[in-house]
Ligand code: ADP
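One chain follows as structure tokens, the form predicted on its own.
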Amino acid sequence: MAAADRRIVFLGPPNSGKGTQAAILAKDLGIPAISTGEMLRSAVAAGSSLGDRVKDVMTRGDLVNDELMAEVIRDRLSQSDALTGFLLDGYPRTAVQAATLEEILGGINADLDDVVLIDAPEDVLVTRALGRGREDDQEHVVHERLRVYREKTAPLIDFYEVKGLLRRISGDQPIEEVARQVKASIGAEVG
């Protein structure tokens, strides 16, 4: 399988390093890293229609509803740079979103190749979030995001494990080592 034919999802709690690792792997594979969180934060900052619709939800640390996220993802995956491969960071986050992603991919005769789970202990995740200094990284919001992750996203771990797609990586180690393990777990050249 050529690098450009890879469709990969990154799962893991907030601040586990998914975005960093998705960016590294996307560059190495030559496919786009699509961060729904970054797309939504940019929309809020730009004051766009989408940003207005999601701002309050994000400020509370809750998840944007499945229908709106499906609209965002369907649109992004239809863009030319994602037609032959992508890395998704931040989607799917619920069982409904996982089903929607399968439907979207089925519509283009494609399947996921790998689901990379990057995890770290909760105290590490909280410390990382508070150290970033983003406006929406208040301690109570961080804990709420982790609670929502455990409730809504963690069940996807079993969903993808049963399908044989899940690759588990500890995010509580140096970035370079996580990147090496991610590449090895999906069978990409490690270098």
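Everything quoted here is computed from the prediction, not taken from an experiment. Residue numbers run from 1 along the displayed sequence.
Absent from the display: the form predicted in complex with the named molecule. The rest refers to it.
Only one of 23-31, 132-140, 118-126, 156-164 lies within 4.5 Å of the named molecule in the model of the complex by heavy atoms, and it is 132-140. Under a 4.5 angstroms non-hydrogen atom cutoff, the named molecule in the model of the complex lacks G171 among its neighbouring residues. Proximity of G37 to the named molecule in the model of the complex falls within the 4.5 Å heavy atom cutoff. Residue contact check for K152: none of its heavy atoms lie within 4.5 Å of the named molecule in the model of the complex. At least one heavy atom of Y91 is located within 4.5 Å of the named molecule in the model of the complex. Proximity of K18, M58 and R145 to the named molecule in the model of the complex is complete: all three residues have a non-hydrogen atom within 4.5 angstroms.
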